[in-house]
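This document starts with one chain, in the form predicted alone, laid out as C-alpha cells.
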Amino acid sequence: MNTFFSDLYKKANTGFWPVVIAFAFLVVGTISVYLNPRSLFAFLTLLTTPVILYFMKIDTKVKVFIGLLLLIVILPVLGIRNIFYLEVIFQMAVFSALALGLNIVIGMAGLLDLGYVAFYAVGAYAWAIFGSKQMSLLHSIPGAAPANAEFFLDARWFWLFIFLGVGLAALMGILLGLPVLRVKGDYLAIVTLGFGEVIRVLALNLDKPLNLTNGPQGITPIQRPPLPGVVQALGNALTPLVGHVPTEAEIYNVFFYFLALIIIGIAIVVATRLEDSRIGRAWTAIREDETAAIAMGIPLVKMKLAAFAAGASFAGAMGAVYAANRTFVSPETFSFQVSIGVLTMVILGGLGSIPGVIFGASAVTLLNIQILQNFSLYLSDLRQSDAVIPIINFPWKNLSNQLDPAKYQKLVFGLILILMMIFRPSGLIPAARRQRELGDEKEAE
C-alpha cells in the first residue's frame, strides 16, 4: 500500500501535473467557498493549495503567482463574504509570528521558555495603555474614568507602537535572560514560567494605586489606526466581486489581514537570515553543547541574550497588532495556556524548522478555532433533532453536551503531542539538521 501511494505521488509530482493539481485545488476551493461560505470542507480544500505549492515541484514563478492570487485577491474577497475566514487567517498569522519567535529561543538556541506569552502581553498592553483613555486615569481616582475623557494619543501613533512593541519586548527578553543565564533545562523552564505568570499577575493587579491596566476588567476601547487610502481603494475595487459595498468593519478586517501578512513576511525573512548567519550558527552550537561552544570562542552570555531578545521581538509586534484589532485586552488573554499552545505549534511543526512552525501554528489554530468548533455546532444541531445514532438507536438529543469536542481542546493537543513524539519526533516539516540528528540516533541504536 505504501509503495502504491509513493508511486502515485511520484507520478503526480512530475511534468505539468503539479501545476494542474495546484490550480485545481485553488479553483475548486474558491468556487466552493464562494457558493457556500459556511462549508468547512470547502475552506480546507482551499487551504490545501499552499501546502501543495510547498511540497510539489512547481516553478518558482508559478508558485509566486498562485500564492499572490490566493493571498491578495481570493482570501480578501472570500473574507468579506464571510468575515469568519479572515478572522481564522488573522489568528493563524498571529500564532505563526509567536511560533517563529519561540522557535528562535527553543529550536535554534535550545533554551526552553515556558513564559513566552509575557512578551506578547507587553506589546499588547503598550498600545492598549497609550492608545486608549487609560492614560487619563493615572491622575484620577482609580476606577473613576471621566465620561468625556479624551484619547491620550492620536491613533496614527499606532505605527510607532508596533516598533515600540518590538523594542519593549526585546528589552524584557534581555531582562529575563540576565538572571537566568546560569540555569538551563528544567530549571530554565521553571524560571521562564514564573516570569510569564509575574507579567500576567501584574496586569491583573496594576489597577491601584494608579489605574494602569484596569485590572481584571481589561482595557477598552483601544483605538484602531486610520485606514490607509490604498486599503479603502482596494475595498471599493472588490465591490463587484463581493456583491455589495464593503462596510468599514469589513475593510478593517482586510486591513489587519494584510498587516498580519506583512509582519509574518518580515518575521520569516529575519528568522531565515538569522538562521544562516554567524549568530544562528552560534545558537546551534550552544544548543548542541555549551561547553564546546565556549571553547570555540562563542560569547555565551551575549548569544543567549540575543536569542531571548530576537524571539521576544516577534511577539511584541504581534501583541500591538492584536490589541488594535480586538480593541480590548485583559490578563486572561495572556495565560500560561497560550505559552503551552505556542510550544505545541513549534513541536508539531518541527523544532528549528521555519516552514514547519508556520504549518504547525496554522494547523493548531485551524483545529482549535474551526474544526473542533464546527463539530460541536454539528452535534448541537443533532441534539435538537429527532435523529438517532445508527445501530444502537440512541437518540442524539439525549447525548450530553459535555461530549462537545470544543471542550476537549487540551486533550486533543495532548494526544497530538504524544503521537508526534512516538511516530514523528522531528515534526511534520522537520529541519534538515534535526532530521539528521534523529537519523544518527537511530543508527547508533
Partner chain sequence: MKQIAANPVYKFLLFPVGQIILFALGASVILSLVTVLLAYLFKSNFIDFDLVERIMLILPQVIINGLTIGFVYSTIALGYTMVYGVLEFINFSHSEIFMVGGIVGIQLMAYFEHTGALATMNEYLVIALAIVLALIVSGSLAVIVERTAYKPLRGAPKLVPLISAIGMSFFLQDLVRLILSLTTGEFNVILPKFGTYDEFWKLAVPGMEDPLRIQIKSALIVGIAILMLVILNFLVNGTKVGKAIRAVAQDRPSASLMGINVNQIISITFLIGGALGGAAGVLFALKATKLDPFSGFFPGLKAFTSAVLGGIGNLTGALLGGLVLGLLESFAASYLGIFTNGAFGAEYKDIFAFAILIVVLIFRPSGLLGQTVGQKA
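Heads up, when I say rigid core I mean the largest set of C-alphas that superpose within 1.5 Å between the two forms. All values reported here derive from a predicted model rather than from experimental measurement. Positions refer to the first chain, counted from 1.
Heads up, the form predicted together with its partner chain isn't pictured, but that's what we're talking about next.
ask   = Using a 4.5 Å cut on heavy atoms, which of F328, F163, F336, W157 is close to its partner chain in the predicted bound form?
value = The residue in contact is F336.
inquiry  = Exactly one residue in G229, P179, G265, G243 has a non-hydrogen atom within 4.5 Å of its partner chain in the predicted bound form; which is it?
reply    = For this set of options, the contacting one is P179.
Candidate stretches 206-214, 220-228, 82-90, 358-366, one within 4.5 Å of its partner chain in the predicted bound form by heavy atom = The contacting stretch here is 206-214.
Candidate site V201, I340 and L417: all three near its partner chain in the predicted bound form by heavy atom within 4.5 Å = Answer is yes for this spot.
ask   = Is the gap between Y408 and its partner chain in the predicted bound form 4.5 Å or less for some heavy atom pair?
value = Output for Y408 is yes: heavy atoms within 4.5 Å of its partner chain.
ask   = Would G110 show up as a contact with its partner chain in the predicted bound form if we use heavy atoms at 4.5 Å?
value = Result yes; G110 sits at the interface with its partner chain in the predicted bound form.
request  = Spell out, yes or no, whether the shortest heavy atom distance between E250 and its partner chain in the predicted bound form is within 4.5 Å.
outcome  = Output for E250 is no: heavy atoms all beyond 4.5 Å of its partner chain.
inquiry  = Is it the case that M421, even though its partner is missing from this view, gets within 4.5 Å of its partner chain in the predicted bound form, heavy atoms only?
reply    = Close contact exists here: in the predicted bound form, M421 approaches its partner chain to within 4.5 Å, heavy atoms only.
message = Quick check: V51 between the shown form and the other one - does its CA shift reach 2 Å or more after fitting the rigid core?
response = No; V51 is a residue whose C-alpha shifts by less than 2 Å between the shown form and the other one when the cores are overlaid.
ask   = Is R383 one of the residues whose C-alpha moves 2 Å or more between the shown form and the other one after the core fit?
value = Comparing the forms between the shown form and the other one, which are aligned on their rigid core, R383 does shift its C-alpha by 2 Å or more.
query = Rigid core fitted, then: does L35 show a CA shift of 2 angstroms or greater between the shown form and the other one?
reply = Moves: no, less than 2 Å.
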